[in-house]
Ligand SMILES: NC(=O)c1ccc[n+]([C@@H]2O[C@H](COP(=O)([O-])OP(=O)(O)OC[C@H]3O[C@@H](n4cnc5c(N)ncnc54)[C@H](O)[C@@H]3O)[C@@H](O)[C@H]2O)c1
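First, one chain by itself in structure tokens, the form predicted alone.
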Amino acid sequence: MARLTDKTAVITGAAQGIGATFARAFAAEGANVVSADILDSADVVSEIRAAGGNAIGVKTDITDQNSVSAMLAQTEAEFGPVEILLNNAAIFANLQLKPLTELSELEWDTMMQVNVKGLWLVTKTVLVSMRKVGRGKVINISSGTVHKGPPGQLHYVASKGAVIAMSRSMARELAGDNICVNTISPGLTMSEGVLANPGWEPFRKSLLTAKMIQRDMQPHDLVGTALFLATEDSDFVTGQSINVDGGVQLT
């Protein structure tokens, strides 16, 4: 416990779901947590504070540079420089699965705006803060779909493939700044959003038989890997992508 004491962690998309699970876990380890989300983070922030942790919520549109810059300014004013960035915000849970020929340009562009551009904007902005302290950990959330290429979600799979590619490039570019960049690729996770979308049920059932560990994946299954990548335990780990999916067979 307390492996992140006095470290400030920005977690995007932490108002609910997997992001909120990350926020609670990081706060329990002593981090000053910033929930950067376009949604209201009041509930998760109140929960963290009630448990004795430090947290603030900053309404943030990760696709807008002014919004991201304002988030960083508020973060530094409250907690000081950022040492940990967990890029979790993405479009996924409410996806409507459809053939690639039926995807609209708006659907494609919106996916890339949030899942790719948003990750880049937040990272490049927060780097200024990390360089002040001479170190940092960037954790990007990709997806196991990149390795399997499931149908009906081409724009999502493409966006998460970009996350892995960007992470590798970032890791090489930022190594001289003592900043590690790694990726977690989760399997289908039973977050509130996924459970509320009946379109995911067929995938859930098929994945159960494809896993070595044959049970549904829960948000807390990602916590251990995220904490490892955020702490000094992973100081010699960078440019890596870790699958956390219960051992899904890729063929």
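This is a predicted model, so every value here is computed, not measured. The first residue of the shown sequence is 1; numbering continues from there.
Below, we refer to the form predicted in complex with the ligand, which is not included among the displayed structures.
Within 4.5 Å of the ligand in the predicted complex, a heavy atom is found for all three of D37, T60 and V114.
In the predicted complex, V82 stays away from the ligand, with no heavy atom inside 4.5 Å. At a distance threshold of 4.5 angstroms between non-hydrogen atoms, K137 is out of contact with the ligand in the predicted complex. In the predicted complex, the ligand sits beyond 4.5 Å of every heavy atom of A165. The ligand is not shown here, but in the predicted complex it comes within 4.5 Å of a heavy atom of A93. Listed stretches are 208 to 216, 191 to 199, 43 to 51, 23 to 31; the contact stretch with the ligand in the predicted complex is 191 to 199, by a heavy atom cutoff of 4.5 Å.
Residues N88, A89, A90 are the members of 74 to 91 with a non-hydrogen atom no more than 4.5 angstroms from the ligand in the predicted complex.
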